[in-house]
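Okay, here we've got a single chain as structure tokens, the form predicted alone, with questions on binding and movement later.
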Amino acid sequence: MKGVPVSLLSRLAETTDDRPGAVRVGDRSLSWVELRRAATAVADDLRGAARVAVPATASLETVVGVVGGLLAGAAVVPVPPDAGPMERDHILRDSGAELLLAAPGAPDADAASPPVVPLDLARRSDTRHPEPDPAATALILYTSGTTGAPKGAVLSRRAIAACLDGLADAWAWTPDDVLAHGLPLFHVHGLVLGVLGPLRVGSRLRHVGRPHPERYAAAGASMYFGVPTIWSRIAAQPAAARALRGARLLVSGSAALPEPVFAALAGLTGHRPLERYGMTETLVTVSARADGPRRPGTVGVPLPGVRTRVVDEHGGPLPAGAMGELQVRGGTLFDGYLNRPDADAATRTADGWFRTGDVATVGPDGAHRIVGRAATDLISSGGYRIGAGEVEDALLAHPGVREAAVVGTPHPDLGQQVTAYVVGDGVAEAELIDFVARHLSAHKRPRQVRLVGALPRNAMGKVQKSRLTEV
């Protein structure tokens, strides 16, 4: 896109705009110049560190910490604030984070944590840090797969820039926009699109904290980001939905937007929501355009520089309209999973395409429709991707659990909920839900635990998850 800086944060580095309220999180804000100087003070403290962990709360501290890490040329590792001790320790250990940024009043780090660097928003610096190589790692985002602990997806500065430039083109996103959202700041949607996007484009940001409908209604923005759960709740409050009529774009992602919610939003706000598609490993690759059609159930066309194809189970190409696995390639793809060459190999084809694991169709006009997962073990709940295997491992850590199988089951608000089937001794549903919530992120806890006498298995001993509802 013409006129967009090559370096990831050069708009922030070049600005002289000291008007208040450029970046607001909750009821606290910074001007562009204040943000740059506060983040530069953090970068001064991080000089020489290769990887830095940042507790990713919905706060100005997170924004300043992430930007400071990027200015310093470090790879930033966001840590979910609701991560239990097992998950947090895994992320810190697996990422090799050398330092941990912490705001005043944060809980004391334990012995297993890296050294803590205080994060003080009152400090300012005007040091000029050199621009890192575009190929350097910007973020290591931990994402759940179908088995085991989360894997660290390594995202380069170049890939993030390519994604954001493609979205700026597709969405006609300019410095005149004001973006509002209430998304978590430890994954692609909330952090890359929702924080680094405004910093690259030069638009203002309003993070509303918890994404309550009334907070969206009061934001007065031109663009709003949300996941289907947020949009469903806004559509259920007509007054809040009508308050968004003055917006330019309502963007939905992270899971399919139900058609009734699409229709309700269109009627109440006067805007047909714009849907897009992506993954942690690919960033956003496909999106409806601001100047193009927006049809419920479709996620648009590939962004500039991105190619897609739909293949059969043998990897053979399929014609338009046929259903098969969606594969992508282009400049937005990640560099691989940290310390996991085996997982890397499983996601790449011999000719260089990334296997998304999603089933899709592409119409004659290029419009993509995501049908579902190729596997049954990845649960999409409230905009989060949750690996069934990780929840199963947490349940099996309970001394009273002998067997566990986890699936996604329909939920009217979340899309899917985490449902666990457990064979155990002297355990109760509430006890197991609380146990998982203490060890993993709270959103990964089962919403329902069904205690059963046995799990259905095939002749090879593999649990047949399709038969769990029969037990």
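These figures come from a predicted structure and were not determined experimentally. In this text, residue numbers run from 1 along the sequence as written.
Heads up, the form predicted in complex with a small molecule isn't pictured, but that's what we're talking about next.
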Worksheet item: Just one of 253, 330, 166, 73 has a heavy atom within 4.5 Å of the small molecule in the predicted bound form. Which one?
Response: 253
Worksheet item: Which of 158, 272, 348, 385 has a heavy atom within 4.5 Å of the small molecule in the predicted bound form?
Response: 385
Worksheet, complete the sentence: Per contact check vs the small molecule in the predicted bound form (non-hydrogen atom within 4.5 angstroms), the hit among 304-312, 340-348, 274-282, 117-125 is 274-282
Worksheet entry | Distance check, residue 139 to the small molecule in the predicted bound form, heavy atom within 4.5 Å | no
Practice prompt. Check whether residue 235 has any heavy atom within 4.5 Å of a heavy atom of the small molecule in the predicted bound form, and answer yes or no.
Written response: no
Fill in: residue 358 within 4.5 Å of the small molecule in the predicted bound form, heavy atoms
yes
Item to complete: Answer with yes or no whether residue 299 is in contact with the small molecule in the predicted bound form, where contact means some heavy atom within 4.5 Å.
Response: yes
